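Let us start with two forms of the same protein chain, each given on its own as structure tokens and named structure 1 and structure 2.
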Structure 1
């Protein structure tokens, strides 16, 4: 049995035994519990409980008899139902979360986001709140491409890059930092791990976000300290 199928079903909420039994029934069409056990390797002492649980989850149907025969509910029907349930759960959870009114106590002005989805989402949120000015230093053309739609909406946008030729197809007007400025954003090796800065964005001179890699891990650091933003802007202005 293909491991990818079992792993995919496990991500949908099935146990390993349930995934193996369901996939086996999909392939067989109809079978007894003994036949499923012999083909998929689920222990004989567990197969009846597994098939019963699959039935309660809507993956398996059965015809009572001696012996009882089981058959898999068609995968497209199962997946459509799971998709509808997931969408409904997401909508419900979103509505409930948005209705919460929690009072923040001592919110930190500096925090770090590490997941790829979280970083992209945080950048979008950061860009959506720019009011007058956004200054950007960037070493990654892909980053500008990824957030082109949000960046194009910013009125006071200024972008400086490490090498202008890398950004010819980015769709943005960019300035190249002067020779020697690379010292501000030079990659470093700490404890044998490479650390680098891909981009720095400063919004309205009040807050900033740094996107980079630390010890091989992608991260974004959000800073809501005007004094830090002021210092970062001074470095940015000295690069041309």
Structure 2
């Protein structure tokens, strides 16, 4: 029994038993409840209701008899329907949400983002709004390669790094920080939790974004106060 298939089907709304039974049945073509049970490990006394549920959900067909025979509906068809249903649901939700979404976005000048995806999303957004000048500090080339396309579009791009060697293959021109500047960025303990900064970007001297780990959680902080951006820029310039 392939663990991945079961995992995939569970994400799409089946239970573990349903996923196992369906995947097994796809592989067997035609089978009795007992045969499915023996191959997929679902308890025999439960396989009957599971197969019945799968029937009601349109995943399997059957011939009544003694024993009753079952077979899977063609997986491409089933999956196609599933996709149509989910996409329809997403489209509906999107338009419903957008119709609620009256308020303009971004009155507060400081925002934090916690999720991995959310951070990427914000960085994309941030980079797309750079007009003239972008200053980047980072300690690993990951950020650069991850957002290569957006970064290449920026005209006034300056990148400073802690050690140049790490960035040789990145395809970007980088400057190395002055000796001693790393104290601004090295890991620090605040209130007993370890914080480390992975990257800092300043756009047009107006807004900035700090990406790092605080108390073990990845976090990005977006600051749109020119004052702060200017301060950060001053620190920055002292570093070369």
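Quick caveat: nothing in here was measured; it's all calculated off a predicted structure. Residue numbers count along the first chain shown, from 1. We call the rigid core whatever largest set of C-alpha positions still superposes within 1.5 Å between the two forms.
A.B. asks: I need to confirm something. Of structure 1 and structure 2, which is the form predicted together with the DNA?
C.D. replies: Note: form predicted together with the DNA is structure 2; the other is not.
A.B. asks: On a core-based superposition, does residue 173 travel 2 Å or more at its Cα between the two structures?
C.D. replies: No: residue 173 shifts by under 2 Å between the two structures.
A.B. asks: With both forms fit on the core, is the shift of the CA atom of residue 220 between the two structures 2 Å or larger?
C.D. replies: Superposed on the core, residue 220 moves its C-alpha less than 2 Å between the two structures.
A.B. asks: Examine residue 53 after superposing the rigid core and state whether its CA is displaced by 2 Å or more between the two structures.
C.D. replies: It does, since the residue 53 C-alpha is displaced 2 Å or more between the two structures after the core fit.
A.B. asks: In Å, how large is the CA movement of residue 44 between the two structures relative to the superposed rigid core?
C.D. replies: A shift of 11.4 Å.
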